Structure formats: structure tokens, C-alpha cells
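What follows is a single chain, given as C-alpha cells, in the form predicted alone.
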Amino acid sequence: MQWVSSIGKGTLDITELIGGLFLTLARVLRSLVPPRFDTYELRRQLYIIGVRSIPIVILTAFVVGIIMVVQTATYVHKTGATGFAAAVGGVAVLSEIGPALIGIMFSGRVGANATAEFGTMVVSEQVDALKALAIDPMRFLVVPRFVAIVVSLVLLTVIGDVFGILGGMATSHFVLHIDWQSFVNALLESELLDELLVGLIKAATFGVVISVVSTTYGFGVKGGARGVGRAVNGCVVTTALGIFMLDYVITYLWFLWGG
């Protein structure tokens, strides 16, 4: 009966985690009303989280654009449907692969770092010291990062969209021998506004997930330095699962509503 006990414990742990995530989200949203938080810390986090992520986002998006167009090379050569490369590349970059990959990369860089930082503060009793000084850790530490993560991920997704399309355009020109004007015309004819909007919605949602998961794991650290390591590992895995699940849900609901 040991396996029954293990299943029961695992179910309880998952339920506890989900409850903790929703509780953290509720506390963050409550701290945003009224929106009183440290503006200096917000600007600092926007620079650390957003500006410093631009190079890796550009590289990731450019490579994604290249891969998406390369995948269509065989079909384009056989059929001569040059517009297909632009349409497929645009849809993949704007609505699916672009936001998801940028979100995963962002979670590994930003979410894991936030979990480690919060966890270290818990272990070293800095969070307790803030509470002793009547400073709300949620409003002082978490809310600026929450706002910075959501805003930065949306803006980085826009940058990623641009460079993803540029990567697809360059690949189409040098690999498929499609001239620039034809690619741009095919891209415009594809009417990808819906894909752009759903991609930005996903980016904002992924930002909320990254912030909430990293905060929950960070403030839940127990067991010293080893506990911080376990929290970082759990944050990365949970965030990735959350991003993929929400990617499916948002896509399904968007096109169900649009259809």
C-alpha cells in the first residue's frame, strides 16, 4: 500500500502548491490596490529584468524565425508557394513559438533568480526584519518585480516578434531565394493581427505566471541553502509546465471565441 500513500501525498502536495499560487496572486493583486510601491525599485527591476534581457531575446527570436522558415523549405521548393513561408513563419513567431520560447528563456533567467533572491532573504531572516520594521514584503519586494516582469515580457515579445520576422525574411531570401518585397507582401496579406494580439496576451499571462511561481517558491523556502536550491529547481519546472498549459488554453479559447 506504499504506492497508494505516495499518490495521496503527491496529490496533497500539488493541491497545496496550486492553493499557494492562487493565494500569492491574490496577495499581489491586493497590494496593487492602491498602487503604492517603491518607484525606484520598479525602475531598477525594469532595467535588470527587461533591458538586460534584450540581447538574448533578440538572438532567440532571430533563430526561431530562421528555423520556422527552414522547416517550410521542402514544401516551398516542391510547390513554388513562396507566400507559405511568410505565413507559416509569421504565425509561428507571433502567436506560438515566439512567446513560448521567450517566456521559457525569461523564466530561466528572471524567475529562477527571483526565487533564489527571495529564498536567500527568507533563510537569512531579512524578510522577518522587514516585517519587524512594519514594511510589507509583498508591497516592497514583490510588487515592483511583478509589474516589471509583466511589462518587460510584453515589450520583449514585441522586440522578439520584429527580430523573428527579420530572421525568417533573411532565411527566405538567402535559402529559398524569395526577394524581400515578396516576403513582406505575403506577410501583409496573411493578416496576422490576431496572431500578434494573442501572442501579447500570452506574454502578459506568462509574466504573471513567472512572477507568482517565483514568489511562491521563494517565500516558501525551508531548510537553508539546500532549500533554496530545491526552490529554484521547482520554480523552473513549475513555470515551464504553467507556460505550456496556459499556451494551449489561451490558444483554444482565443480561436474558439474568434471562430
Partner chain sequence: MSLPLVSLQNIAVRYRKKQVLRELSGDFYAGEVVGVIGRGGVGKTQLLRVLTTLLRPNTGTLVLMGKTVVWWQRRTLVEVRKSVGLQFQNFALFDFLDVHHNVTFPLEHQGILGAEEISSRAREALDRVGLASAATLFPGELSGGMRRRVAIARVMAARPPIAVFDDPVAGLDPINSAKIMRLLGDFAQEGKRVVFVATHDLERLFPVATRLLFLHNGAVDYDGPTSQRHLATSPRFLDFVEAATETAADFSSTV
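Just so it is clear, the structure is predicted and the values come from calculations on it, not from any experiment. Numbering follows the first chain given and starts at 1.
Form predicted in complex with its partner chain: not shown, discussed below.
- Message: Is it the case that Q126, even though its partner is missing from this view, gets within 4.5 Å of its partner chain in the predicted bound form, heavy atoms only?
- Response: The answer is yes: Q126 has a heavy atom within 4.5 Å of its partner chain.
- Classify K131 as contacting or not contacting its partner chain in the predicted bound form by the rule of any non-hydrogen atom within 4.5 angstroms, answering yes or no. Heavy-atom contact with its partner chain at 4.5 Å: present for K131.
- Message: Although the partner isn't part of this model, could you tell me whether R30 comes within 4.5 Å of its partner chain in the predicted bound form, counting any heavy atom of the residue?
- Response: Output for R30 is yes: heavy atoms within 4.5 Å of its partner chain.
- Taking heavy atoms only, is D136 within 4.5 angstroms of its partner chain in the predicted bound form? Within the cut-off, so yes.
- Of these, A186, V150, M121, L166, which has a heavy atom no more than 4.5 Å from its partner chain in the predicted bound form? By the 4.5 Å criterion, the partner-contacting residue is M121.
- Any residue of 143-179 with a heavy atom within 4.5 Å of its partner chain in the predicted bound form counts; write them all down in order. Nothing in the stretch sits within 4.5 Å of the partner.
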